[in-house]
Ligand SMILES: NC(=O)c1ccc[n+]([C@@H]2O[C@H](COP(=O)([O-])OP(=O)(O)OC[C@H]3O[C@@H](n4cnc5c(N)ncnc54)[C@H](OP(=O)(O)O)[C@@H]3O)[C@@H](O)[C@H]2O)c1
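Below you will find one chain, with nothing else, as structure tokens; this is the form predicted on its own, and questions on how it binds or moves follow later.
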Amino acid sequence: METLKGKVVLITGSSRGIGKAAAKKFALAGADIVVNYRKPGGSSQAQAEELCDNIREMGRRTFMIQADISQKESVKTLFSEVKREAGKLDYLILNAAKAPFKPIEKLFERELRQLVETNYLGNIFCIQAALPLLKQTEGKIVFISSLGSRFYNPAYPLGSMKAAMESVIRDCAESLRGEKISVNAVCGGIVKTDSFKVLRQYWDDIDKLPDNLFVEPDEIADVALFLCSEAGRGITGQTIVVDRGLSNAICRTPGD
């Protein structure tokens, strides 16, 4: 059902993984999609181009915009392009993330700066730049978080940034209430994306978890879509966990 017909959504880091799944879900719901990728040339741009072709085949408008959200000027350009190409913005999905798989105590200074600049400052830059457009549409913001925000994951410093952003989401939900902008987050469990292939190198026995505890990118996308739909109108300032119950049992043994 085209419940979002005529709406425009920007999904950061949408050339692959959860972002790509969200782009397709929102397109199926009738929205026009702004596809964002970080680095010009290479696989990210190629995947973004392929995704745009898929979306056009659904009969939707789509706009492909390169931007590195860790750079404030790049973010300004991104939203200027959104305004110029799409004319408005209804939903902002903060999905882009970049971090090494490495214990925090072993991070080099450049890695620490990248961690903060992309996964914390970058998301805030996007929120700030999106506000003039979202105020006009009484739009919605959804941040894509992960269980690393609340549970230890081996060699996963990104978790600390996810936790910080969940606090930002709570605070923005209140500070933007007067503008009628809804702000929420979706906290995903173990999702089998490209990063999972690396994660399994650091997390012993992760492959012993039963298949029914792994989350598909579509499941995260479904909840993001719900939060942006009329059905999610009563939810704000919340982080919804989508992990198939993985976090319910603190002492879960592999295979249970």
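If you're wondering where the values come from, they're calculated on a predicted model, not measured in any experiment. From 1 onward, residues are counted along the sequence shown.
The form predicted together with the ligand exists for this protein as well; it is not shown, and the discussion that follows is about that form.
Taking 83, 72, 150, 98 one by one, only a single residue has any non-hydrogen atom within 4.5 Å of the ligand in the predicted bound form, and it is 98.
Of the candidate stretches 105-113, 156-164, 132-140, 84-92, only 156-164 has residues with heavy atoms within 4.5 Å of the ligand in the predicted bound form. Contact check for residue 18: a heavy atom falls within 4.5 Å of the ligand in the predicted bound form. Not displayed here, the ligand is approached by residue 39 to within 4.5 Å at the level of heavy atoms in the predicted bound form.
Although the partner is absent here, residue 183 is not a contact residue: none of its heavy atoms lies within 4.5 angstroms of the ligand in the predicted bound form. The ligand in the predicted bound form comes within 4.5 Å of no heavy atom belonging to residue 62. Residues of 112-144 that come within 4.5 Å of the ligand in the predicted bound form, judged by any heavy atom, are 118, 144 in sequence order.
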